[in-house]
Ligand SMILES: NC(=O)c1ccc[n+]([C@@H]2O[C@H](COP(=O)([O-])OP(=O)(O)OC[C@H]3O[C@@H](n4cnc5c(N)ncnc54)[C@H](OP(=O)(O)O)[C@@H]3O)[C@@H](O)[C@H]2O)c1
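Heads up, the chain below is alone and in the form predicted on its own; it's given as structure tokens.
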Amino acid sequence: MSDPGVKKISIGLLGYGTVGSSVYSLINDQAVEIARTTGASINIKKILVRDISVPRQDAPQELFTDDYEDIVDDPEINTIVELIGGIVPAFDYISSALEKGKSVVTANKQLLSQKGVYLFQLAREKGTQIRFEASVAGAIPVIKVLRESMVAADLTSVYGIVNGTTNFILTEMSRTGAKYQDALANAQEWGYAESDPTEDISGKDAAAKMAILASIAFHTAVELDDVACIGIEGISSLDISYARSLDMSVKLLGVAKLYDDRINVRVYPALLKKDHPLASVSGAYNAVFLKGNSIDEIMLSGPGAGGIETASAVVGDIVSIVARDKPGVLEDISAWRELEFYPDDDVVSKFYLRLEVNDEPGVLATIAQIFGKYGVSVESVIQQGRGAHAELVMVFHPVKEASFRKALDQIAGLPEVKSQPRPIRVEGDGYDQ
């Protein structure tokens, strides 16, 4: 006979892929430990799948349904765990759950970065919770740290590696000398990249995560469309090789910074000095730096993806719901102020640039003259002959990005320049942006 004094959490699980099945296994395997820690009995009562006719050996067939109403209308189910991803139908499912006063746990970064403002407002109106630790950086508890431990840290920047797929690809290119397409194929073979990797390699996945992190860190609403992103498709093995010769490595970074009470949030490839802590973060690992006026810098790192890692964050959110009956500002993004955005053009950045040009006298002087016209100062130049053409690799002193882009637009139109210029930012090189 069950103890009437024990709190019971009945879960409706939406989705039973790699993460969903791992959540089911974790909850069952750790039931005793969870009960001992929380004083609550947690069970998964129903699981939403597309096709209930497919046999599944690791969970009883009677748990599965293909009708969401079976879950959301069940009065015993008080928590919905959404792991189906995407916007449709996840938005409708979560909205319906909140309307009925049910708590929600989700790992859906795209949904939160596009519809989060509405969903968190709805949760507040209905007096319930949304937990979303698994939406960013897998098992790394960066959201919990931001919302709770850093509440008085007066944060000024949040930046780091927040996409494991691209970090694996760039690591492979650096480690083996592989070309981009070969490294991507390896990532797909090892299960680090989807068959359609567009969301990862374009930077959109990282942009959604940075929208969430920036919203929490700076207490202002940042949505996906507010985050400019550049992916890694344009990074070649030549860039990796030149970076190595400069004692640097290439990483895809998400960067959110405060500039005089205005924010700038972006995703882009960057060169980092080998002694920078992020430069040694390899494979599918993630790492996030938190910097503030009260804390200097804190780095959080660990596995950023994978079924069991993400599942552990989901279960942690379920436990947090048990521990906190009434929702408050720690349960949502808490956008209590409206900050303006700092223009990309006004950001001061340092750049690396590789140019393919005609190998003839005067070309370098012409290019340097154009850069000088816009106040762009060259720090170093490497020139490598390649038959009738030459490769110029240039590193520049910090400059306003608008000035650099104006110079680059003019240089790109020169007849002596034989390929599209591909600049890469240089981060963490001893100057303060």
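Numbering starts at 1 and runs along the sequence shown. Just so it is clear, the model here is predicted, and its values are computed rather than measured.
Although it is not shown, the form predicted in complex with the ligand is what the next lines describe.
Shown alone, this chain has one stretch from 164 to 172, 83 to 91, 196 to 204, 241 to 249 that lies within 4.5 Å of the ligand in the predicted bound form by heavy atoms: 83 to 91.
At least one heavy atom of residue 56 is located within 4.5 Å of the ligand in the predicted bound form. Under a 4.5 angstroms non-hydrogen atom cutoff, the ligand in the predicted bound form lacks residue 188 among its neighbouring residues.
Of the heavy atoms in residue 386, none are within 4.5 Å of the ligand in the predicted bound form. The closest non-hydrogen atom of residue 423 lies beyond 4.5 Å of the ligand in the predicted bound form. Out of the listed residues 42, 48, 394, 376, 48 is the one that sits within 4.5 Å of the ligand in the predicted bound form by at least one heavy atom. Proximity to the ligand in the predicted bound form, taken as a non-hydrogen atom within 4.5 angstroms, holds for one residue of 288, 270, 134, 119, which is 134. Taking the ligand as positioned in the predicted bound form, none of the residues of 147 to 179 brings a heavy atom within 4.5 Å of it.
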